[in-house]
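Okay, here we've got a single chain as C-alpha cells, the form predicted on its own, with questions on binding and movement later.
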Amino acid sequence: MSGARRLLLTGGIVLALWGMSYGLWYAVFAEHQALEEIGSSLARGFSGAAARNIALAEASLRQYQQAKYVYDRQVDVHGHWIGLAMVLVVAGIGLDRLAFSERIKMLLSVTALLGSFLFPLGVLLQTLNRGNGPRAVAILGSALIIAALGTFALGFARKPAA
C-alpha cells in the first residue's frame, strides 16, 4: 500500500473518529444547554412582543439569533468532519487508479487531509470569534479541499501512462 493511500485511509478514519467524538461530547455536555437557551430566548421574545415590550422582544430575539448561530455551527462541524472523512476514505480506496506520480498523490493526500480538518475547525472557531481569522481558516480549508478533489477528478479522468 502506498504512503498516500495509507495517509488517506488512516487520516480519514482518524478524522471520522474525531468528528464522532466531538459530536458525542457536544450531545452529552453542551447541546441540551444550547437548546434550552434557544427555546427560552425565543419564548421571551414572543412574550415580550405579546406584551408590547419591544426592548425585551428585540433583546431576546438577538439572544436567540446568537444561540442559534452557535448551535448550527456546532452541529455542522460534527457532520462536516465525518462527511469529509468518508470522502477521504473513498479517495484512498481508489487512489491507485489515479494517473499521477506517487509524489503528486502524496501532495494531494496531504492537501485533502489538511483541508478536511481546517475547514470545520475554522467554522468552529467562528463560534468563539467572528473576526477574519476564523473565516480565513475556514476559507483556506475549503480551498484546499476543492483543489485536492478537483485534481483527484482530473487524475481519475486522465489515461494512465503506458
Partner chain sequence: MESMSSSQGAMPLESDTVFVQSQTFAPLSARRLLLLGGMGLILVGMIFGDIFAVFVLHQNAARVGASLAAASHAALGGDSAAVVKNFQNVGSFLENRGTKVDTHVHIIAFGYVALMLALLVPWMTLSATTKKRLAWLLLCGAGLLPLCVFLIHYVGLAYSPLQAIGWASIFADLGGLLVIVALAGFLYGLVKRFLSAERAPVEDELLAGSSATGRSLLAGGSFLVLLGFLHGTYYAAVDLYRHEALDYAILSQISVGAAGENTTAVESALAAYGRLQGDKAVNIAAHAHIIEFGLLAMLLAYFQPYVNLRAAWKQRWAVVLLLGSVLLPVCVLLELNYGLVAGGLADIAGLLVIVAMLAMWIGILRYTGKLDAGGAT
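Model, not experiment: these values are computed from the prediction. Residue numbers count along the first chain shown, from 1.
Another form, the form predicted in complex with its partner chain, is not on view; read the next lines as being about it.
- Between the options 100, 26, 64, 117, the residue in contact with its partner chain in the predicted bound form by a heavy atom within 4.5 angstroms is 64.
- Residues 69, 126 and 145 are all found to lie within 4.5 Å of its partner chain in the predicted bound form, as judged by heavy atom distances.
- Its partner chain is not shown here, and in the predicted bound form it never comes within 4.5 Å of any heavy atom of residue 133.
- In the predicted bound form, residue 91 approaches its partner chain with a heavy atom inside 4.5 Å.
- Proximity of residue 86 to its partner chain in the predicted bound form: non-hydrogen atoms within 4.5 Å are present.
- When its partner chain is considered in the predicted bound form, residue 58 lines it closely, a heavy atom lying within 4.5 Å.
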